[in-house]
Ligand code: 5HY
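What follows is a single chain, given as structure tokens, in the form predicted on its own.
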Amino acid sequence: MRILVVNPNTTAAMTEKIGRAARAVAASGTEIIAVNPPDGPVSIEGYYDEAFSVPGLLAEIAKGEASGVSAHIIACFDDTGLEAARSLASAPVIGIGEAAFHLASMLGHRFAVVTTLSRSIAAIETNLLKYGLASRCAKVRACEVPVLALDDPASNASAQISAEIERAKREDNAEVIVLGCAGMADLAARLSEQHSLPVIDGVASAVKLAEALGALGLKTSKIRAYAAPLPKTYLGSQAPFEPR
């Protein structure tokens, strides 16, 4: 089985970290292909960044689909471009946010999300509503750590995330924690042990769900919402994305 993991931002160091996290949980017969687009924002922090990251993401999904991968994973916690990617691909497309929410809902009555910046809270809350899991989420919290600071050894990002987890346990009665950024993937095991509760990383969650869908031979439904885009002309710089 070959799984494409797309980091929609353009920071190669984060892509390497995401790839390591994915390979750490992948089955022995699973090949992880971790990529990022060459064009777009270096981090995705809010709706504006998200909009400019989608074309590069879709280009990578198209390459993976053409090469015959078994599944695609979008390694941005906002599940950037998820619906468009599902329309493009026949193989399953899994967003790490949706994957983490579903696994968290199976491990406790209420979970909390700890993400990076406050500007990301609205997008995550909107996704929870869309996925039907808002009632299971006690709160979406931000530790006010920029995405790129997660890769800076000099930052106190880990301590800030840990402090927010403690608040979620104490103030929100959270029984499970979801880490709300792909750049936090390497922290889950240590934080779980430190706080004595499940801490869910979306990258690992998505890999195991992708393997399960592949083993079951399941693909994205193409009869309505995620049907292939209708052929039409795309002009200018978007011409390479023209549906045929």
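Note that residue numbering follows the sequence shown and begins at 1. These numbers come from a predicted model, not from an experiment.
Here the subject shifts to the form predicted in complex with this ligand, a form of this protein not shown in this document.
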property: Site test, 43, 78 and 182 vs this ligand in the predicted bound form, non-hydrogen atom cutoff 4.5 Å; result: yes
property: In the predicted bound form, the residue from 147, 161, 89, 140 that sits within 4.5 Å of this ligand by heavy atoms; result: 147
property: Location of this ligand contact in the predicted bound form, chosen stretch of 168 to 176, 151 to 159, 126 to 134, 109 to 117 [non-hydrogen atom, 4.5 Å]; result: 109 to 117
property: In the predicted bound form, residue 21 touching this ligand (heavy atom, 4.5 Å); result: no
property: In the predicted bound form: members of 1 to 27 within 4.5 Å of this ligand, any heavy atom; result: 9, 14
